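Here you get one chain, nothing else, as structure tokens; it is the form predicted alone.
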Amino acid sequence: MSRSARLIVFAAGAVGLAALMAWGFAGLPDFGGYTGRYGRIVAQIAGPDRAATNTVTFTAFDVRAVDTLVEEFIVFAAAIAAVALLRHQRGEPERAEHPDDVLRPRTSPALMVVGAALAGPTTVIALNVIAHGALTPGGGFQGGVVLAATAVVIVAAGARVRLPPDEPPRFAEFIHGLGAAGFVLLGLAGLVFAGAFLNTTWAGHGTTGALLSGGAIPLLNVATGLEVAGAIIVILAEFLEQNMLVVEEPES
């Protein structure tokens, strides 16, 4: 296909997409306008029933907590799939096994200083986002990603990383397994103590705006944060190991 023909095809598609987007945006309600009932009901019960001021997190970890459990296990399965798909197969090059077989990204002194300075604040921000998920925007999913970013910052700043061949980092594996199991156990606690799976009222009510409020929602956020952070680190570690593979010389 010639260049002019490709431009004609692109222009026709772009015009059609622009028309569809204009049509869609024209039908949107005004900013701040909401005509649904579901959101209003959730907003009315979040405070009195759970002392939660973040209705989004209240919805995710209470009203539709089973859906959130499924989403968490999607992340869990993604980490397992990464380990399974990136494992060494027979005939593939193996990474040399030496005591000093480590990965140390090339970096600069400036990046090392900036990385060291950002690691601590990034961890604090992650813990704050997870702990205050029932009160302010955030929660376990967002905080877990930020917590995993701490490891990325440390490695990008030039940290030496030692990865045993064919093994994910055990600590990260333990963390993301603990988070997934913790979510299920908290759901079972609701079944035992409150009569329904993932019922968060068994952990108490608390004072609106206080850290210890929202029933078991903060605990579910912690479990989710651990699972997400651990799973992301496991996936990143698998990619790092692929980078550390040594291509063997073919035998002559």
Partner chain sequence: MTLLAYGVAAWLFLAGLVGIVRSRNLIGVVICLSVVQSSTYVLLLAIGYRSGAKAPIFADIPSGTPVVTLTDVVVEATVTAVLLALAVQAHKRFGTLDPDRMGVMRG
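None of these values were measured; they are calculated from a predicted model. Residue numbers count along the first chain shown, from 1. Between two forms, the rigid core is the largest collection of C-alphas that superpose within 1.5 Å.
If you look for the form predicted in complex with its partner chain, you will not find it shown, but the lines that follow are about it.
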| property | result |
| --- | --- |
| Per-stretch contact check against its partner chain in the predicted bound form, the hit in 182-190, 198-206, 50-58, 211-219 (non-hydrogen atom, 4.5 angstroms) | 50-58 |
| Contact residue in the predicted bound form, from 110, 81, 124, 116 (heavy atom within 4.5 Å of its partner chain) | 81 |
| Non-hydrogen atom contact residue 155 with its partner chain in the predicted bound form at 4.5 angstroms | no |
| Residue 17, heavy atom within 4.5 angstroms of its partner chain in the predicted bound form | yes |
| is_contact(residue 12, its partner chain) in the predicted bound form, heavy atom dist at most 4.5 Å | no |
| Residue 23, heavy atom within 4.5 angstroms of its partner chain in the predicted bound form | no |
| Residues within stretch 5-36 having a non-hydrogen atom within 4.5 Å of its partner chain in the predicted bound form | 6, 7, 10, 14, 17, 18, 21, 25, 28, 29, 30, 31, 32, 33, 34 |
| Post core alignment: residue 29 C-alpha displaced by 2 Å or more between this form and the one not shown | yes |
